[in-house]
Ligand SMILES: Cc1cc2nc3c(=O)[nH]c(=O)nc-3n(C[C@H](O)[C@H](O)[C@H](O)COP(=O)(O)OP(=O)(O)OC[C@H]3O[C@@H](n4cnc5c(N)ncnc54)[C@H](O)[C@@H]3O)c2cc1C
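Just the one chain here, laid out as structure tokens, in the form predicted alone.
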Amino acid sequence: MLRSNVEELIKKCAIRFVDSQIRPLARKWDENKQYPLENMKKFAELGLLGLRIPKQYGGSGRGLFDAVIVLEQIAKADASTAVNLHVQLNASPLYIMLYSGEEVKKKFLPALVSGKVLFSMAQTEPEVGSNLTELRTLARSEGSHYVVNGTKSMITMGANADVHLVYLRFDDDSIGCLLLEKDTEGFSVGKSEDFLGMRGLGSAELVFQDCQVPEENVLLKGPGSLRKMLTMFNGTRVGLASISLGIAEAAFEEALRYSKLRTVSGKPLIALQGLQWKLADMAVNVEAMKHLVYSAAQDTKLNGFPDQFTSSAARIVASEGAVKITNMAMDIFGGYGYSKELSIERYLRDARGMIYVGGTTDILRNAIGAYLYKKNV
């Protein structure tokens, strides 16, 4: 499905890095609830943090499809690391590229490429979830700066990011976003989250108490801002879908490998017809997921982003498919799959977590429903 030699090279480089630097340590990170910050430094050295950053700011200027290739391979070893990289590739820095002034671009984008600055995307709030129209975090205009008050919850990389892209409501009642640096007076990191899976996300609560943010750090505000933010979500959904795809592929490949090695009454498991059907269903589902995710990553007609239907469909199919496939893989391993000695139980926990990261599949169905309504009414 890859379209060029460059994409093949990106995939091979990602696989080599995963095999040598991520897979051997992924279990330890999960057990220790450890955010592997060293990975981001290595990604910077490989040029991966600048994969989607324009060349004038030190990046490679590549697109969403290249990011999907990388994230898929990383997720096959450690989904948390993949999600943390996804935020740098497909979320906060893209807002800077599209909507900030030149000085802000020069300040933050080269710093990201070099690994000196990492971002979070602070959307979810304790009482309203991820519903942008109900945000309660408030930015009040005071001369040449804005004063921010509010709380965000379960923010990926919240405990470790240097700059937070904060979604909020302005005092003119418009929805938008701004950049808030971690050393801003009045900003603090609250409780860290102890999740079932995805235990290396560095997820935490963010608290803003009269934080002063310079007006040049405002990226979106006023009429049309909400529409632009929703369009940006189309790209983030595809990035997250590629991570679920990677988890599913890893679980299937391990189950297939085990079914060849494990014998019952002198025969490998894969010789049993019932197990062949299960493996066949897994293979078909993985292939369908890959086609849908890759297609969405290539469908960037809407201002450089996939449309609402394609991106949401890819995310739903990949997220729910990964849960199904990891469950089936655990069945093939039997009791061994339930043991922490193997990776299957971690894949299952991470796949379940991907149902919630970046918005639930119910929210995505709402997005598809709204898209169909608009197209057919």
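Quick caveat, the model's predicted, so the values are computed rather than measured. Quick note: we count residues from 1 along the sequence shown, nothing fancier.
Below, we turn to the form predicted together with the ligand, even though it does not appear here.
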Taking the shortest heavy atom distance, is I363 within 4.5 Å of the ligand in the predicted bound form? yes
With a cut-off of 4.5 Å between heavy atoms, is T231 one of the residues that contacts the ligand in the predicted bound form? no
L201 near the ligand in the predicted bound form, any heavy atom under 4.5 Å? yes
Heavy atom of A122 within 4.5 Å of the ligand in the predicted bound form: yes
Exactly one listed stretch (244 to 252, 276 to 284, 192 to 200, 223 to 231) reaches within 4.5 angstroms of the ligand in the predicted bound form by non-hydrogen atoms, and it is 192 to 200
Which listed residue (T236, T156, T81, N217) meets the criterion of a heavy atom within 4.5 Å of the ligand in the predicted bound form? T156
If we test each of Q298, S259, N160, S130 for a heavy atom within 4.5 Å of the ligand in the predicted bound form, the one that passes is S130
Could you pull out the residues of 353 to 368 that have any heavy atom within 4.5 Å of the ligand in the predicted bound form? G353, Y356, V357, G358, G359, T360, D362, I363, N366
